[in-house]
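The chain below stands alone, shown as structure tokens; this is the form predicted alone.
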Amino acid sequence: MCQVDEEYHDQLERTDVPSASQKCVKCKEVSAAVVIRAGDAYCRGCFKEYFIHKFRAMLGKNRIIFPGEKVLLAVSGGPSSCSMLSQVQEGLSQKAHKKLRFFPGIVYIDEGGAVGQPTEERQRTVSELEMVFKATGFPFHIVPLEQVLDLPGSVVVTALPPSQQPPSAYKAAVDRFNQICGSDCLAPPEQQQKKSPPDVHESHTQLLQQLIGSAKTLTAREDLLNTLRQHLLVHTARTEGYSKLMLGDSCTRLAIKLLTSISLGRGAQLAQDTGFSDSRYGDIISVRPMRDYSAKEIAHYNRMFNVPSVVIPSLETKTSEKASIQRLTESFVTKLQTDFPSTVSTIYRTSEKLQTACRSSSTDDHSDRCLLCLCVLDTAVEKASAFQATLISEQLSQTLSLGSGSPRQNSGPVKPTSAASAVQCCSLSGGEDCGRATSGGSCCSSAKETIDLKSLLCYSCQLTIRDMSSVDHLPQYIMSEAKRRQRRSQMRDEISEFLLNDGDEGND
């Protein structure tokens, strides 16, 4: 039992608060220059070695990037992506102990048109980034976001992935690369360094602003912008011959993204959204080598070793912390991290244990994948599920609101009024022949098609589309792919009684 008059002064231990005046925890000789967390105080040299080793260890442990592959670095100008670019540049330098064995390229997506930046400010930002990119010697591509309006429909179709390689293939590829190529062939090609940004028409910028502005909430606008950016990155990687796409998501950013995705109904896609690799696009694999770094580590490294970065406004700039789900989650995590330093690492470690429980895509037309994010649809579930309960609740609320006479927006099938529904045969417009014209009936495009986008989207993307005032502003490649999937689904239903099931083949 504790007594009132007992004294504990001699028994209480006083913990030492880490400070920069103590010795480095690694070399034990030089005074610490930076304190990452409690007990982790490093001098300048040891901190740089620790930072570089963590980047190399992340790539070496996963062994996804094979020697000689072309890797496209997605650089947004922020601290994390610029630090990633610095690490790749460090790994390919002549003084590197173990050099990286891939051919890097840089891509920057200019989103100034979506956020309403003036043309002069966009040009100034591009000029600053061009100076950073030219200093690396890597080939770079500056792509305005307006180009997403002219993408082909193949962007939202999962391509055939490369053949699965055995675990021993990586070591064999390293030996073959060292014998044939060595380190000399990793010199950046001078003739491919300069890629002048294409001209942006004012009409395209207005269409892009109408598309982003059609989303009623900032949450939907940010989610839509992220989807369009990812489509443009994948398309750039494919057209320029890259097989890997390297993203600069840090540990702090992924922790915020995990909680945000759960709030937006993307729980089934967490493993792909926050994992090291993401293979949803088939031939282009996205990797996140910066996922072990906290925002604090990146900030210290960039400041100590003069890593340049460019401040670029976004949709969240000068908004309140409750303006969107993404902004609120970021404010919650960063404030909690201030009082409890293990918050981000705890959330991050949880994301490492996540695995996708959804079924894999099996059909040739990939109709079981979301039209926007290309994840496997999470809406094909049993009747006794939380998703079906949510749908029933929505239907009941809509019925009650309509019965009371209050107007409410209908969330049923969307009917876009686009020029693609003109009277012409499907085969003439580049699609598949529906067969109705030859059988005496009218072509399916002669009547105004009703596209049920809801059936082609996952639950989270359904919420994004529902927050849009009109889907008429969606890019043409998305609407064309939606029509193609719907026509194939209708054709499959018409001939379903003549198709054999997988189990019927063995009975003959």
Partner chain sequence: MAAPIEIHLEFGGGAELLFNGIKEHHVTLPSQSEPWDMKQLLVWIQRNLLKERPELFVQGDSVRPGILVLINDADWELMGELEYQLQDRDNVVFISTLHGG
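Residue numbers count along the first chain shown, from 1. Under this definition, the rigid core comprises the largest set of C-alpha atoms superposing within 1.5 Å between the forms. These figures come from a predicted structure and were not determined experimentally.
Only in words, not in the display: the form predicted together with its partner chain, which the text now covers.
This chain appears without its partner; in the predicted bound form, the one residue of P79, G91, G153, G265 with a heavy atom within 4.5 Å of its partner chain is P79. This chain is drawn without its partner chain; in the predicted bound form, the residue among H201, R303, K99, R176 with a heavy atom within 4.5 Å of it is R303. Contact here is defined as any heavy atom lying within 4.5 Å of its partner chain in the predicted bound form, and by that definition not a single one of H231, T236 and I347 is a contact residue. The candidate stretches are 80 to 88, 105 to 113, 371 to 379, 202 to 210, and the one lying within 4.5 Å of its partner chain in the predicted bound form by heavy atoms is 80 to 88. Remark: K335 counts among the residues lining its partner chain in the predicted bound form, judged by a heavy atom distance of 4.5 Å or less. In the predicted bound form, none of the heavy atoms of P144 sits within 4.5 Å of a heavy atom of its partner chain. At the 4.5 Å threshold, heavy atoms of A41 reach its partner chain in the predicted bound form. In the predicted bound form, none of the heavy atoms of P289 sits within 4.5 Å of a heavy atom of its partner chain. Heavy atoms closer than or equal to 4.5 Å to its partner chain in the predicted bound form belong, across 313 to 334, to the residues P313, S314, T317, K318, T319, S320, R327, E330, T334, ordered by sequence position. The rigid-core alignment places the CA of R37 2 Å or more apart between the shown form and the other one.
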